[in-house]
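Only one chain is given next, in structure tokens, and it is the form predicted on its own.
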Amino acid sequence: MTEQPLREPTLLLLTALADAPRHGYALIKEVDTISRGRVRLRAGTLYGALDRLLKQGLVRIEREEIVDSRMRRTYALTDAGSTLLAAEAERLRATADEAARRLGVGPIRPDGATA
């Protein structure tokens, strides 16, 4: 892959959308969960990133609905977003495995343990 590595907020947003479409507040909560509280997106950061990802064709609007007199958009990962996320996950896995090898702890298993 010749593209630049994804920035962490982008990686976390794409990861949060990988298993199900989500609306903004749910994305903020899911990113918090995925990062174990290390990354807390603010609404302005979230919606700016979602606008950029929409323009790049990595996410799409799944549906729009009115909830409590406010527009709620639910976002979903596109095929291009899924492909990019899979490539980034593989790049990160390869880097982590090499770091583990050099430290003498073996490759990192999918459950986070070392082999």
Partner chain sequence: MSTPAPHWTTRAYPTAYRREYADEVSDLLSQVTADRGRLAGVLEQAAVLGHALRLRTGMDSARPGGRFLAGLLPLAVPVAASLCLTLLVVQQLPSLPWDGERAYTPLAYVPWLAVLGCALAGRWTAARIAAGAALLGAAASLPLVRWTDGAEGLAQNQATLAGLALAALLVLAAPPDLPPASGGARRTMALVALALGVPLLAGSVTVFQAVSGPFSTADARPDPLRLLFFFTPLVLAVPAALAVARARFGPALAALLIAGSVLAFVPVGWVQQMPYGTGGLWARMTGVTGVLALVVYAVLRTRERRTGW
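So that the term is clear: the rigid core is the largest set of C-alpha atoms that superpose within 1.5 Å between two forms. Because the structure is a prediction, the values reported are computed rather than measured. Positions refer to the first chain, counted from 1.
What comes next is about the form predicted together with its partner chain, which does not appear here.
K.L.:
Counting only heavy atoms and a 4.5 Å cut-off, does its partner chain in the predicted bound form sit next to every one of R42, G48 and M71?
P.N.:
Contact check passed for all of R42, G48 and M71.
K.L.:
With the cut-off set at 4.5 Å between non-hydrogen atoms, does I34 touch its partner chain in the predicted bound form?
P.N.:
No, I34 sits far enough from its partner chain in the predicted bound form that none of its heavy atoms falls within 4.5 Å.
K.L.:
Do A89 and its partner chain share at least one heavy atom pair within 4.5 Å in the predicted bound form?
P.N.:
The answer is no: A89 has no heavy atom within 4.5 Å of its partner chain.
K.L.:
When the contact criterion is heavy atoms within 4.5 Å, does I28 count as touching its partner chain in the predicted bound form?
P.N.:
Because a heavy atom of I28 falls inside 4.5 Å of its partner chain in the predicted bound form, the answer is yes.
K.L.:
Look up in the predicted bound form whether T15 has a non-hydrogen atom within 4.5 angstroms of its partner chain, and give yes or no.
P.N.:
Answer no; every heavy atom of T15 is more than 4.5 Å from its partner chain in the predicted bound form.
K.L.:
Going through 5-30 from first to last, which residues have a non-hydrogen atom within 4.5 Å of its partner chain in the predicted bound form?
P.N.:
Contacts from 5-30: R7, P9, T10, H23, G24, Y25, I28, K29.
K.L.:
Using a rigid core alignment, state whether the CA of R70 is displaced by 2 Å or more between this form and the one not shown.
P.N.:
Yes, the C-alpha position differs by at least 2 Å between this form and the one not shown.
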